[in-house]
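Before any questions on how it binds or moves, here is one chain, the form predicted on its own, in structure tokens.
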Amino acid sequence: MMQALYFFFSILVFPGLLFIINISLLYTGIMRKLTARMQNRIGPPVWQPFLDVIKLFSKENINTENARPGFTFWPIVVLASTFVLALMIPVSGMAPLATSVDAIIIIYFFAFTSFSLFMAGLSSTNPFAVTGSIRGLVQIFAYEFPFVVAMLVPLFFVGTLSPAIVNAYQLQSGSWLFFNFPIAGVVFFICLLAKAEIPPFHVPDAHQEIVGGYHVEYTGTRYAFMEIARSVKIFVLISLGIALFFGGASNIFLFIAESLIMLFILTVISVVAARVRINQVLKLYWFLGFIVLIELIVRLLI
């Protein structure tokens, strides 16, 4: 009985969905505030994402004239799959599903959440949304290969497919696998930018060209689902980076310290880097993929 209660507590409260949603929205607010200060603006308060989501839940869901049935279905799938993914990644060394899944399932859910997001854009049939979705699907084919290979480097080194075990290995050894595999660590970090659609890789929702891209027609609850999923995905990617490369974390204080450092670096890059074109994204990530593949092969042979 106590084990069942603890399991449900870990899924729903800590380090489960309640904690993940709140800290993800908080990190989004911190990122927006840091961006503003770096641009010599005051910016919104750090709790602004919470207010935005609450307001969106009170707004009307508007259906466009030519919207397909997936216009409502896909945002729900995006949120649900992102939550499942979040429960698989160790946070401060804990996660309800971390020890029962391997990297193959995590890779699948990462790809599926992105795919669902862009399918939502295609379902609206808006030209801007369709353009953004097509860009997003192309970008998946660009970064997925180097992302997967970069993940496999520390996993193969430790001899496991579980990020939770890699997290524990770094804590026990007292070393960061980033310093053992710097190429894989850098490639993983660059892939993180594209997966989270952080500048300079925000090609699918380029406001300067396609007015927000795949989510341009969304309002109300559906848009709130997409915004929550996006914030959670950034947090999940940061958590995975800590577990695989950046020392792991054994308690919540260490985890928050490491994650805030990663968030700061992401913010700096998003401020100073100009957006790249989709053809440049393809060239860059396939080049990085082959570079990190060479490192993986060399490590396996050694």
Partner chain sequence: MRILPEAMRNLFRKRFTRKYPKEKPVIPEGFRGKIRHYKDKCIYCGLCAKFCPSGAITVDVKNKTWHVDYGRCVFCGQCEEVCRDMVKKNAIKLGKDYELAGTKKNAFMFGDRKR
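All figures in this text were calculated on a predicted structure; none of them were measured in a lab. Numbering follows the first chain given and starts at 1.
As for the form predicted together with its partner chain, it is not shown, yet the points below apply to it.
Colleague: Considering non-hydrogen atoms and a 4.5 Å limit, does its partner chain approach F264 in the model of the complex?
Modeller: Residue-level check for F264: yes, a contact with its partner chain.
Colleague: Test of understanding: in the model of the complex, would V53 fall inside 4.5 Å of its partner chain by heavy atoms?
Modeller: Answer no; every heavy atom of V53 is more than 4.5 Å from its partner chain in the model of the complex.
Colleague: Any chance R37 has a heavy atom within 4.5 Å of its partner chain in the model of the complex?
Modeller: Yes, R37 lies within 4.5 Å of its partner chain in the model of the complex.
Colleague: With a 4.5 Å heavy atom cut-off, would you call R41 a contact of its partner chain in the model of the complex?
Modeller: Yes - in the model of the complex, heavy atoms of R41 and its partner chain come within 4.5 Å of each other.
Colleague: Among 244-252, 229-237, 63-71, 267-275, which stretch has residues whose heavy atoms lie within 4.5 Å of its partner chain in the model of the complex?
Modeller: Within 4.5 Å of the partner lies stretch 267-275.
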